[in-house]
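In structure tokens, the next block holds one chain alone, the form predicted on its own.
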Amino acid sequence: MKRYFAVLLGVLTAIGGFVDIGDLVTNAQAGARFGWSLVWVVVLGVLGICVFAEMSGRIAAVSHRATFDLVRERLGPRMGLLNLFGSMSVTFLTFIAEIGGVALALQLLSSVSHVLVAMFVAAAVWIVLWRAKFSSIENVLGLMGLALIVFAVALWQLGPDWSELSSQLSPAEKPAAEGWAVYAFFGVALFGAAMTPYEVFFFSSGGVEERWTSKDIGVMRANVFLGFPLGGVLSVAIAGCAAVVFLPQGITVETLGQVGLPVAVALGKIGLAVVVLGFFAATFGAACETGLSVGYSLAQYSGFQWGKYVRPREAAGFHVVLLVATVLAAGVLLTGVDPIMVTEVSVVFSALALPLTYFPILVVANDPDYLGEHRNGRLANVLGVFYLVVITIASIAAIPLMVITSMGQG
């Protein structure tokens, strides 16, 4: 029974933890402008994160070492340093966006400027990272994030013409007023949001934190192949709500309040309260995950003690990194930068950094010295290579599309 509970809890937290500020904003923006014509990108991204999360989880379960730790050892310090720079830069940018997202969620409740709230949010995030247990961070915030299921309820309550909404699933049904370059830009952004690098580093390091063994591979796979896709359904529901409420009116999404507006239209004040809770839980949980991922990456590359499973005094360097990263993130937000803009930039640069993140994972997952009989099979390698091709295309296209479309403005 305990094992089944672990599977259920893992799946539920994966669902609630899949959607972060990048998914919230990008899916709502895409839905408002393109309806469901970009849902195929969400599906592609969810399958991709499942492929590489399974690899990174299997690596942690069999070798008892986190992915970044093995990347440096297997590919050497230079390749490891390049990987560190690319992935940690994007993760830190995402960390800023997530803290800003929590501040925006609290602004919806208090009407106090997110700039003033940001430093208190950053302090709260650091205290949680310093004092809370890993399982508490993952499970409590992940379960609270399930409040975002309200988007699926709201979509049903809005009573859309399902045949018309389903017809938008074809890329050919892109609104005629939108150019293909802008369509491609949002496609790359959605793909980057679904496959954000920090997710696999956090997942792998979390496996080490929770002391996974080869006996836990089944539980890990259930979390990946059930939790992430169901979390992806929430992304589709967010896009669907925006498509029903905003697309016919030609309204674009520019604020977090607009992301939740369709829920308020469908379900009233109760729905609005639930969605704000979901915003808070999703962004606060992701802020903790990205903050930990910054510490994990730097500590694992440098070779010093890390993790929540050891006392802060024994992992002093790791906790110093968390503190410095949090202070820097708060400093950036105190300049008055728009967290939504930071989010938009982070998902594009996430796509840019994807090859540096996922190629090393594929290499390590095929190494018999680390994984033995649990190394990649043919299917895992076929999918891994396919996604590396897609990832490379998205990475090459990200910056040109961002420039050509002026960040999707047309």
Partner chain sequence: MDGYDAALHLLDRQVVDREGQLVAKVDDVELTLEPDGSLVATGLLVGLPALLPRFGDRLGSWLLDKYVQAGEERADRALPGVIEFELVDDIGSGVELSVLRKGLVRPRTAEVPAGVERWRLGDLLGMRVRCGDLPKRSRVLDVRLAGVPHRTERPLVTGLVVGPGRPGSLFGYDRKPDLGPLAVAVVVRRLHRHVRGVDVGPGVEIDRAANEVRISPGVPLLPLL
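The structure presented is a predicted model; accordingly, all values stated were derived computationally and were not measured. Residue numbers count along the first chain shown, from 1.
What follows is about the form predicted in complex with its partner chain, which we do not show.
Undergrad: Can you tell me which of 189 to 197, 75 to 83, 145 to 153, 227 to 235 lies within 4.5 Å of its partner chain in the predicted complex, counting heavy atoms only?
TA: Selected stretch: 75 to 83.
Undergrad: So in the predicted complex, are Trp40, Ile396 and Ser406 all sitting within 4.5 Å of its partner chain, heavy atoms only?
TA: Judged in the predicted complex, none of Trp40, Ile396 and Ser406 sits within 4.5 Å of its partner chain.
Undergrad: Since exactly one of Gln300, Ser87, Thr326, Gln168 fits, which has a heavy atom within 4.5 Å of its partner chain in the predicted complex?
TA: Flagged contact: Gln300.
Undergrad: Identify which of Cys50, Leu352, Val363, Val345 has a heavy atom within 4.5 Å of its partner chain in the predicted complex; exactly one of them does.
TA: Answer to the contact question: Val363.
Undergrad: Examine Glu314 and determine whether its closest non-hydrogen atom to its partner chain in the predicted complex is within 4.5 angstroms.
TA: Yes.
Undergrad: Evaluate Val310 for contact with its partner chain in the predicted complex, applying a 4.5 angstroms cut-off between non-hydrogen atoms, and reply yes or no.
TA: Contact with its partner chain, yes.
Undergrad: With heavy atoms only and a cut-off of 4.5 Å, decide whether Val385 touches its partner chain in the predicted complex.
TA: Yes, Val385 sits close enough to its partner chain in the predicted complex that at least one of its heavy atoms falls within 4.5 Å.
Undergrad: Test of understanding: in the predicted complex, would Asp69 fall inside 4.5 Å of its partner chain by heavy atoms?
TA: Yes, Asp69 is a contact residue.
Undergrad: Using a 4.5 Å cut-off on heavy atoms, what residues in 352 to 370 are near its partner chain in the predicted complex?
TA: Sequence-ordered list: Phe359, Leu362, Val363, Asn366, Asp367, Pro368, Asp369, Tyr370.
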